[in-house]
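Only one chain is given next, in structure tokens, and it is the form predicted on its own.
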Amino acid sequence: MKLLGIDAIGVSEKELRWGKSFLMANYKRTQAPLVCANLYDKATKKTLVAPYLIKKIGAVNVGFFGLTSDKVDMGISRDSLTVEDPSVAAKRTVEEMHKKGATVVVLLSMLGKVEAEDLVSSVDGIDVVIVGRNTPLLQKGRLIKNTIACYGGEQGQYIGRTLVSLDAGKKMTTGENDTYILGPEVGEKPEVLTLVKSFEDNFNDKLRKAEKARAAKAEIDKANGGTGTTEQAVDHYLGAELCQRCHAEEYKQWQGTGHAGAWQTLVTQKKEATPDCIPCHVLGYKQSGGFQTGDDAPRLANVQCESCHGMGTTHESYPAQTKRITEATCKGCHTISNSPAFDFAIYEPHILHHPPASMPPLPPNPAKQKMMGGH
């Protein structure tokens, strides 16, 4: 965030996942501009980080402050921190910033959509709210009473731009917000890309080592009389190699689709041990008969037959009619985050076992090109 030149950063319980000391050590190391007006250290009775900051942008003094929710569990930090009622903190902070010369006030809210909207409706003087914490993506912001709200979703794939008009006293009169996807046309910042790539590669390596350790432990457990794994249910996955015995033509066609190379996209990006990515690139992740660890890749990697058609053990020998794959099946993985350009009518012909003579080209997938290789 420092490398990106961000002016102010809000704080929520997620920043405290590894405890107060871990956060504060990195806060001190980087001097990142963290702000939160209602998160207090029990020992010092002071806010854990700066409650707000005022930055001169052009000729305008802009005040930034943060709020975190008092309705969430602070985890391992719960014994050392307290959270003040957001409305009380907001009224006090806005007044103080105005006294110190801020004419435009921006709230970095970690309250969620409903609570953030309720707060800016009841507290005067907040011109802009960036709505964070489990937030939907809205292409156009909303004007809530006198506050323009930005809803940029999550995972950093979109960025909001808020424009405000000022009067002679440099106070906001009107505002509007638009959210834009960070597609492949947005250039990379080399030093940030290097930092992120290094972290992801090292993280993936750690996950792979942990996975191997778990697999070894399961083998030892099995050798000592345990099962090593949970008992397999009656219905389970079988793998495409079995399917092709009866469906050779369909299997050959599948091999030419993007689904057949889904696992390799993770390997190339060094994401093949990242739990958030694996499920949509393998068969039956952590399910009965499905992909459990990287050792299963030779047989259960990629988006296979059963990913769309269901477990092989539920396959009818002589079905009355062919089962139709619907858009709902695809959207289990092709979500707005993973495949923002997904359109069932365009994508479906590319995976049909008997494709039409001509088909529309697939659109570029911004999430795939910018993030992790996509689906």
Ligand code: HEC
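Residue numbers here begin at 1 and follow the sequence given. Under this definition, the rigid core comprises the largest set of C-alpha atoms superposing within 1.5 Å between the forms. This is a predicted model, so every value here is computed, not measured.
FYI, the form predicted together with the ligand isn't displayed, but the following is about it.
113-121, 88-96, 160-168, 296-304: which one contacts the ligand in the predicted bound form at 4.5 Å, heavy atom to heavy atom? In the other structure, the partner sits against 296-304.
Heavy atom of W254 within 4.5 Å of the ligand in the predicted bound form: Residue-level check for W254: yes, a contact with the ligand.
Are any of the heavy atoms in Q155 no more than 4.5 Å from a heavy atom of the ligand in the predicted bound form? Yes.
Check whether L352 has any heavy atom within 4.5 Å of a heavy atom of the ligand in the predicted bound form, and answer yes or no. L352: contacts the ligand in the predicted bound form.
Does any part of C246 reach within 4.5 Å of the ligand in the predicted bound form? Heavy atoms only, please. Looking in the predicted bound form, residue contacts with the ligand include C246, since a heavy atom lies within 4.5 Å.
Please determine whether each residue of I6, K20 and G63 possesses a non-hydrogen atom within 4.5 angstroms of the ligand in the predicted bound form. No, none of I6, K20 and G63 comes within 4.5 Å of the ligand in the predicted bound form.
Note which of Q292, S80, T103, Q269 lies within 4.5 Å of the ligand in the predicted bound form, where distance is taken over heavy atoms; exactly one does. Checking each option against the ligand in the predicted bound form, the one that comes within 4.5 Å is Q269.
Work out which of T179, N204, T265, T135 lies within 4.5 Å of the ligand in the predicted bound form, going by heavy atoms. Going through each option in turn, the one that passes is T265.
Going through 268-298 from first to last, which residues have a non-hydrogen atom within 4.5 Å of the ligand in the predicted bound form? Heavy-atom contacts to the ligand in the predicted bound form: Q269, K271, D276, C277, C280, H281, V282.
When the rigid core is used for the superposition, does T135 move between the shown form and the other one (threshold: C-alpha shift of 2 Å or more)? No, shifts by less than 2 Å.
Post core alignment: K113 C-alpha displaced by 2 Å or more between the shown form and the other one: Stays below the 2 Å threshold, so no.
For Y347, is the C-alpha shift between the shown form and the other one 2 Å or more after core superposition? Indeed, Y347 is displaced by 2 Å or more.
Have a look at V129 and S337: in the predicted bound form, are their Cα atoms closer together or farther apart than in this form, given the change is 3 Å or more? Closer, not farther.
Cα-Cα shift for I130 and S337, closer or farther in the predicted bound form, minimum 3 Å: Closer, not farther.
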